[in-house]
Every structure is written in structure tokens, then in C-alpha cells.
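This text opens with one protein chain seen in two forms, each one given by itself as C-alpha cells under the names structure 1 and structure 2.
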Structure 1
């Protein structure tokens, strides 16, 4: 248990340092040193929030592939969402019947809730208004849009990623 946490701390520090080196214009020694010091401090300060095993997904190959699959599907949804909103907005007579739908979500981890809330906001005609415990309040441009996220294929993918936890 403690070994996994140590690995993820080192990995996070490494990622931050790589990111810092990427945005660095010139490699002066003091700049690199400041970057390393800041990375270590940030990770030590944030480790209870970001690297908590109860909040985040387990890091294994299957989950990493799932994340990429999720991102690709999400980008597809975003493009569809933008075109649909453009159609609605530019139509001479706007056909909107706004609806506020409340439902109980299936995902349990805080991370999945945040990911799901953001995904709902990014996808066709829906906007996450409130998440309170397991209850989601979704505002949609029409009622069908707002009821879509209740049984959505992305939710099932998130659940799959959570299940990896119990297998290990």
C-alpha cells in the first residue's frame, strides 16, 4: 500500500519536472533547480488531494487505454455538441424547451464525479448545474438532451475503470 503511494509521488514529481523543462525557454541551471524544488513542494503539498487512492483511479495499462478511449469519444461528442448548439442558435426561430432534470448518479469516486460532471457540460445540449452527493441536477436545452446522461455509454466506461480497483 505505502509502496504504491511512494511510486505515484515520484511519478507526479517526474511529470511536473518534464512539463517545466518543456515550457522552459533556456536551460539555465538556476531555472532548472527552481523547477525541481517547486515540483517537489507542489507534490508534497497536494499529495493528500491528488494522490489519494480513494479518490483517483488505479494506474494500470488497461485504465490508461480506457482513458485514451474516453478522451477520443469525448472529443467526438464535443464536436457534435458544438454543431448542434450552432444549429439551435442560428435557426431563425429557436426551438428550445429548457428542462432541469435531477437524477441519481451511478459512479462512486469523487474523481469520476468530477470527470462525469465536466463531460456532461461539454456534451450535446447539457449543463451540470449542481452535484450534491450522488444527485445530479442537469440543465438541458430540451428534455431529451437533459435525460440522456442517465444511461450514457461514457458512464459505463467510467464504472469499468472504477471496477479495476476491486480486481487488484
Structure 2
């Protein structure tokens, strides 16, 4: 087993344990141990997927921190988009101009494409309709919303995580 494989397995187990601790309703030693055991078993059963570098990022400390940073930034973007959509919908003269925009994406990993597509969909006012290879089809509440996803700073952060893979 190579060092990259070991880091990936350990990183995924660590993420699952952290997730388990975050959703744990009541802290008890037996519950923590069950979470650790389940995390290890899940990673062992899913290792073919987890270890496929073409499908995911390398799980090292830098990428784990980047994932948390990405999630926090996405939450901020979702809140901002919610406010913007509420302003449009609640305005006496709704400025809704639905648009379907197609464009070529910058990210190359399948995981990055899925994360970006889901991030766009999670942001109110936009919906990822299709991802075909590098091409995205985005529906927006307004043309402006649908046209900007590739200028989104979150795309650059996904590219940084992909570049980290190439360094490893």
C-alpha cells in the first residue's frame, strides 16, 4: 500500500469520525466507538471508490481544510443567494428572466464536476440541469445568475484542490 493510499484511507476515516461526532446527539463512549468502527468499515468496504484518484481529491490535511473552507463559503453563498432571490420574488415588479445557459467548465475531476453542479443547484436561483463531459447547462432565475458560475471563486478553490492532487 502506497503512502497516498494510506493518507486517503486515514483521511476518509478521519472525516467520517468528525462527521459522526458532529451529528452525535449525546456524547457517550460507546457511541463514539460505534462511530469509529462504522467509519473504518465504511472506508474498507468503499475503498475501491475512495482510492480511485480519478474520481476524488487526495485526502490530505491541506485538502481537508480546503473542503471545510469550501463548505463554509458555500453556506455563505447560499444565504446571500436566498436574500437575493427573496428580494426578486418579494419586489412589486418581479424581475424574473428565466434563462438556460450552456458553458464549458474549468474543473476536470468527476468529483469536482459533481461538487460544482451540486453547489450551483444548492444556491437558490440556479439549477444545474445537465453536466455532459465538461459542458454544463444551468437554469437561472435571471440570466445574470445563470451566466456567472464559472467566475465563481469556488471554482478556483476546486481547481486548487485538483492541483494539490497533481503535486502528490
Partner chain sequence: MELIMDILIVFFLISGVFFYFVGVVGLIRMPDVYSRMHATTKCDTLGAGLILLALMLAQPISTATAKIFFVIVFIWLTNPTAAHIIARASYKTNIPFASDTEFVDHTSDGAKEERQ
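Positions refer to the first chain, counted from 1. These figures come from a predicted structure and were not determined experimentally. Note that the rigid core is defined as the largest set of C-alphas that superpose within 1.5 Å between two forms.
Participant: May I ask which of the two structures is the form predicted together with the partner chain?
Facilitator: It is the first structure that is the form predicted together with the partner chain.
Participant: If the rigid core is lined up, how many Å does the C-alpha atom of residue 12 shift between structure 1 and structure 2?
Facilitator: Residue shift at the C-alpha: 5.7 Å.
Participant: Would you mind giving the Cα movement of residue 25 between structure 1 and structure 2 in Å, after fitting on the rigid core?
Facilitator: Comparing between structure 1 and structure 2 after core fitting, residue 25 shifts 9.6 Å at its C-alpha.
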